[in-house]
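Single chain ahead, written as structure tokens, the form predicted on its own.
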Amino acid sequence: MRLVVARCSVLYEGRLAASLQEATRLIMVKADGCVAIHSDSGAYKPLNWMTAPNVLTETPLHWTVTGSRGERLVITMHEVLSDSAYDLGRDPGLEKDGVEAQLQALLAERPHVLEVGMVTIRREYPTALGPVDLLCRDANGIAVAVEVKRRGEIDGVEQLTRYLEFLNRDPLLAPVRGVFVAQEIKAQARTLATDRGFLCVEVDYDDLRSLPSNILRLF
């Protein structure tokens, strides 16, 4: 993890154009290549960011981050106040709360709720970025990555995006579709997920429990 505090201005060129005027900000560069720019407000959400895979090119005045889809983030450094790097090591992963974990388990046994003909390959499919909640195949045999949340917000969509970018590098899996699942999906998250081609599904925990499982049992 690299943390840079600097007076900077930012220009993003991609699906739309966006800019940040000169101000003091925190720039985070993660080991997986993700770059995020934060202010001293706004909770956890960055002002602008680029997800991996991308290429970061540095000069004393400009950082240019080029994404896999051709988008660019140009950070102009007016004054660097601090530049530190830390090795955080391997993360054990997020422990899901009871409801989220139960939703995942119920959907693994009832993938047809997400789409007719869907079958589960594996829960917690491992990747270098962390485990994908469910890896499935649809009725056409296409691999499907399923991200399950209790509440569907933009950070969950970004998480699914990172998983898909990584999974689609595997020739044995690609192409891989995305499905974003939650008990409630916020309007902005749904808009972003739909724009990225993900299927959005809202599920009810109690209704899922009442549905028959696809898993055969002796008793």
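The first residue of the sequence shown is number 1, and the count goes up from there. Between two forms, the rigid core is the largest collection of C-alphas that superpose within 1.5 Å. Owing to the predicted nature of the structure, the values given are computational and were not obtained by experimental measurement.
Another form exists, predicted together with the DNA; not displayed. Remarks below refer to it.
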Close approach of Gly42 to the DNA in the predicted bound form, 4.5 Å, heavy atom
yes
Wondering, does Phe198 line up within 4.5 Å of the DNA in the predicted bound form on heavy atoms?
no
How about Asn48 - does it come within 4.5 Å of the DNA in the predicted bound form, if we only consider non-hydrogen atoms?
yes
Spell out, yes or no, whether the shortest heavy atom distance between Glu115 and the DNA in the predicted bound form is within 4.5 Å.
no
Heavy atoms within 4.5 Å of the DNA in the predicted bound form: which stretch among 80-88, 124-132, 137-145, 105-113?
124-132
Could you list which residues of 138-164 come within 4.5 Å of the DNA in the predicted bound form, counting heavy atoms only?
Glu147, Lys149, Arg150, Gln159, Tyr163
Rigid core superposition, Ala52 Cα moves 2 angstroms or more between the shown form and the other one:
yes
Arg72 C-alpha shift between the shown form and the other one of 2 Å or more, rigid core reference
yes
Superpose the two forms on their rigid core, then report whether the C-alpha of Leu20 is displaced by 2 angstroms or more between the shown form and the other one.
yes
